[in-house]
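Starting off, we have a lone chain in the form predicted alone, written out as structure tokens.
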């Protein structure tokens, strides 16, 4: 991978920089504008929420930031890398090295142990010997309070524990950015609050950047910034 690395459009070192980002699905009379001229920056170490009504463009924006989809117009920079026009293979490389994902449905492999699930991102990029990868995975699992569950099968855990494994998996490669797509959507209220508190604690302790799409804005309490979307546009940044 040799994607062009550059400083942000305005000369800073943002983790995420969106410049007039636009996404249109379909064409002609059946086209849908999912994002329309969206510009913002996210700095290293921030905890940022993306909120809005259903259909406002939240998930589309997260897919743009996570390099899971390509914009129709505008630009997206991740940790100084202009990813707008990268090839599919280079986009995949940036995702593997720079971005961790936490999904609503956990996306754990039931036939693997907890520690094996967390090791998967490291295995995908060949990050050292197996023993070293396991040691790193166990270290991160300790940080999320699962040091005693490393050998359990993923399907033996509670929902809250499974999401803690998902958080550990997102962090294990020490990414520049962790993205969460409704990460508490499948949890009961107590487990949901526990996972929120965990992510905010890791944000403070590790200076880890989190960007979270959520319908549960109030549950997160104080965050660095909240991007409010409406009809594919930024209504406000609070």
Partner chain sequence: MDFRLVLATKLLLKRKGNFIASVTALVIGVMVILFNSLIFNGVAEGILRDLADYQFGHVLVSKNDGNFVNEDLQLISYVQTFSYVEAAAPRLGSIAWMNSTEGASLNEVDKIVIIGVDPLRDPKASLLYSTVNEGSFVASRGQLVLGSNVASDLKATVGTRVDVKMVTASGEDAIRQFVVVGISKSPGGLAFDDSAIMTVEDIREITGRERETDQILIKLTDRSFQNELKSRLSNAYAEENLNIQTLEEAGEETLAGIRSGIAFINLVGYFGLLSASFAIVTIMMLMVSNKTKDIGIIKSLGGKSTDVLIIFILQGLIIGSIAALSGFIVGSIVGLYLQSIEFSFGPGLVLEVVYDPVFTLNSSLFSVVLGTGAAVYPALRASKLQPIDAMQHS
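Here, rigid core means the biggest group of C-alpha atoms that superpose within 1.5 Å across both forms. This is a predicted model, so every value here is computed, not measured. Residue numbers count along the first chain shown, from 1.
Below: the form predicted in complex with the partner chain, not depicted.
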* Asked: Is the partner chain in the predicted bound form near all of 101, 111 and 124, within 4.5 Å of a heavy atom of each?
  -> yes
Does any part of residue 150 reach within 4.5 Å of the partner chain in the predicted bound form? Heavy atoms only, please.
no
Quiz item: Quick one: is residue 139 in contact with the partner chain in the predicted bound form, heavy atoms, 4.5 Å cut-off?
Solution: no
Are any of the heavy atoms in residue 105 no more than 4.5 Å from a heavy atom of the partner chain in the predicted bound form?
yes
Evaluate residue 89 for contact with the partner chain in the predicted bound form, applying a 4.5 angstroms cut-off between non-hydrogen atoms, and reply yes or no.
yes
Of the candidate stretches 74 to 82, 157 to 165, 90 to 98, 140 to 148, the one with residues having heavy atoms within 4.5 Å of the partner chain in the predicted bound form is 90 to 98
Across 47 to 79, the residues having a non-hydrogen atom within 4.5 Å of the partner chain in the predicted bound form turn out to be 63, 68
- CA of residue 111, rigid core aligned, shift of 2 Å or more between the shown form and the other one: yes
